[in-house]
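Take a look at this single chain in structure tokens; it is the form predicted alone.
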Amino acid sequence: MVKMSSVDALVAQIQGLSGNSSDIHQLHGHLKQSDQFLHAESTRLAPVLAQLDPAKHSLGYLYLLEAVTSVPFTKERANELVVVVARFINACTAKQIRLAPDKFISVCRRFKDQVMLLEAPMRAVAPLLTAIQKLQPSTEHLTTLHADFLLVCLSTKCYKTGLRLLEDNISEVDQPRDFFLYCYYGGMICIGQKHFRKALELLHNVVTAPMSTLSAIAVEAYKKYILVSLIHLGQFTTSFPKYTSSAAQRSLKNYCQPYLELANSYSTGKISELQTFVQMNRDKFVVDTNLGLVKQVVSSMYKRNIQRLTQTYLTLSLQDIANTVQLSSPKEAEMHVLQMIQDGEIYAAINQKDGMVRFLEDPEQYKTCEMIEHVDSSIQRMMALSKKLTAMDEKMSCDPSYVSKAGRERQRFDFDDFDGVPQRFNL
């Protein structure tokens, strides 16, 4: 009875102190003090939520809901909580929940676990996207929920919804692991949509990100990076950019030998050798869940070999193309050529009467209104990026911890080894 009176008193405080900013901060102090008590009473708090409005009393509702979801739950109970949490995410006030971001993240992650338990991940897609938008101070900020949302999109194959989030330019990251998972899952979503260029960018970020010890996420990203490079670029280079961490440069290749050998086999241009290698290492690719991508690598070799023919011949028969690139028939060669024309990978015309293919020059003259607008848009984006990088560089140069570290490092090297040290910090 005493405990329920304490709960009723807390509910009264939540209802009375959710009106303005000063009261909200006072309420937040009371909620922090009551947090241990709320978890002790977590099994009795669910009915109390009905007394609160998730829009008006978002902060208090969040503390109670976090306590309610902190205990193990059955499938039946999970089904009830999913509805409650989804309603709260949609109704809550962003300003209030940002006062307790860790609580909000915990509720959302448990919500994701609940829908996974119910084998209904689709129910989490829209609420998690809303949660991210309410938690973010700006679209440039990466939250812990980004990776969870992208994982749900992968589970439901809602790739297009995931792509919407990947359009944001992220420049603020709180936790390195969040960034690793965001880029890894984002790369997988782009692969699912065959946006290989964007996938390469995201996977590259994982591989080259700063790390003191080798990350398992980086290993898996590197495997996919090799495969996507072969599919999209037709080649792969084993050298790392100079800004790659020493941990990655030292150890990454040791965990990806079958993929590096695949790239070597691919570089020969011999489809039969590549197919033999894939068959011999099939089990390894299956264990890594990369067999589908490996099959796309094999298929892309036909395209690369056809592209090489465009550099040598002006006209060629479909039969000759089939023989040269080791396709089974002229009809199969025709299907490959037509698909490559449609995808803009080659410029050619097929004469159906005599089965001849005429290779053409790129028809783009780069002087249409659409192309001018595209170039101008690219220039504007580069200018905005340059401005952003300059601002970040200035902010970092003024950061006391950076200046202190730079000063210590400076003693280990000659003065000439340093580029761009701000003048005001010169001694």
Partner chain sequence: MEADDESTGQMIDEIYANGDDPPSRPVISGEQLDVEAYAALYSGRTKVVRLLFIAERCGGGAMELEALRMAYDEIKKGENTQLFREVVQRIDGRLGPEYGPDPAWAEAVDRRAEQRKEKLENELNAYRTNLIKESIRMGYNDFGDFYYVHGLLGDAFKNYVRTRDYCTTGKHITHMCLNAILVSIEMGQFTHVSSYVSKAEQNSQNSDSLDTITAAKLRCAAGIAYLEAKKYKLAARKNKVIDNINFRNFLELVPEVRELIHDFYSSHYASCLDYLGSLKANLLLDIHLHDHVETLYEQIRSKALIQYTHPFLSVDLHMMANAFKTTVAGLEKELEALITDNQIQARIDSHNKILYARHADQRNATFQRVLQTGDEFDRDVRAMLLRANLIKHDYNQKSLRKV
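Values in this document were obtained by computation on a predicted structure and should not be read as measured data. Residue numbers count along the first chain shown, from 1.
The same protein has a further form, the form predicted together with the partner chain, not shown here; the description that follows concerns it.
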*in the predicted bound form, the one of 332, 261, 201, 345 near the partner chain [non-hydrogen atom within 4.5 angstroms]*: 201
*asked:* If the cut-off is 4.5 angstroms on heavy atoms, which of these, 55, 46, 398, 360, is the one near the partner chain in the predicted bound form?
replied: 360
*Among 102 to 110, 249 to 257, 287 to 295, 174 to 182, which stretch has residues with heavy atoms no more than 4.5 Å from the partner chain in the predicted bound form?*
174 to 182
*asked:* Considering non-hydrogen atoms and a 4.5 Å limit, does the partner chain approach residue 314 in the predicted bound form?
replied: yes
_Would you classify residue 352 as touching the partner chain in the predicted bound form, given a 4.5 Å non-hydrogen atom cut-off?_
no
*With the cut-off set at 4.5 Å between non-hydrogen atoms, does residue 32 touch the partner chain in the predicted bound form?*
no
*Find out whether any non-hydrogen atom of residue 72 is located within 4.5 angstroms of the partner chain in the predicted bound form, and reply yes or no.*
no
*Which residues from 353 to 373 come close to the partner chain in the predicted bound form, meaning a heavy atom within 4.5 Å?*
354, 356, 359, 360, 361, 362, 364, 365, 366, 367, 371
